[in-house]
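Read the single chain below, which is given as C-alpha cells and is the form predicted alone.
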Amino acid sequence: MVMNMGKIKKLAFGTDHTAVEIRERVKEYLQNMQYEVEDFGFCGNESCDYPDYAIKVAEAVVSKRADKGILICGTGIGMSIAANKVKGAIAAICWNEDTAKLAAEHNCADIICLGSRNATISEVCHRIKIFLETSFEKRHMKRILKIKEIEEMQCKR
C-alpha cells in the first residue's frame, strides 16, 4: 500500500456511464492510497450527461471542500470543457503520464480529466498518481495569473 504523504487529502470524484467498468477500481485505488474520496456519482449503465458530474466536482474543488478533483468520461474532453466553466477551476485532460505531470507542474490544474475509452485501468491510476504527487512550479505563476485575469474579464461582460 502506498501512503498519501502530501498535503492533498480529500478528492472529489465523478464519472459518467462510460466509466462504469473502472470507477470502483479507481476509487479503491485512491482509498488504498489513503485519500478521502467524495463520490459525486454517476448514472450506472444508462446514458447520462457528463456536465452534471463535472460541475459538482469542480464546485467542490473551487469551494475547497476537496483538494483536487478527478473526472472520467469517454475521452476526458467533455468533462474538461464542463469543469472549466466553473469560475476558478483549472481542469486538464491528461492522455498520458507527461500531460498528467505537466498539468499539475506547469498549469496548476486542480482537476484531472481522463478517458475511459483510451486507457487501461492501470494507465488511469498511474496518471492520477502522477497528477496528485506533482507540485506546481511557482515559476509558471505569471501565466496562471493571466488566465485568471481572462476569466475575470469574461465574468464582467
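It should be emphasised that the depicted structure is a prediction, and the values quoted were computed from it without experimental measurement. Just count from 1 along the sequence shown to find any residue number.
In what follows, reference is made to the form predicted in complex with a small molecule, a form of this protein that is not presented.
Interface residue remark: R65 is not counted as part of the site for the small molecule in the predicted bound form, having no heavy atom within 4.5 Å. Although the partner is absent from this view, T134 stays clear of the small molecule in the predicted bound form, with no non-hydrogen atom inside 4.5 angstroms. Although the partner is absent here, T75 lies within 4.5 Å of the small molecule in the predicted bound form, judged by heavy atoms. The closest non-hydrogen atom of H17 lies within 4.5 Å of the small molecule in the predicted bound form. Heavy atoms within 4.5 Å of the small molecule in the predicted bound form belong, among the stretches 121-129, 97-105, 66-74, 26-34, to residues of 66-74.
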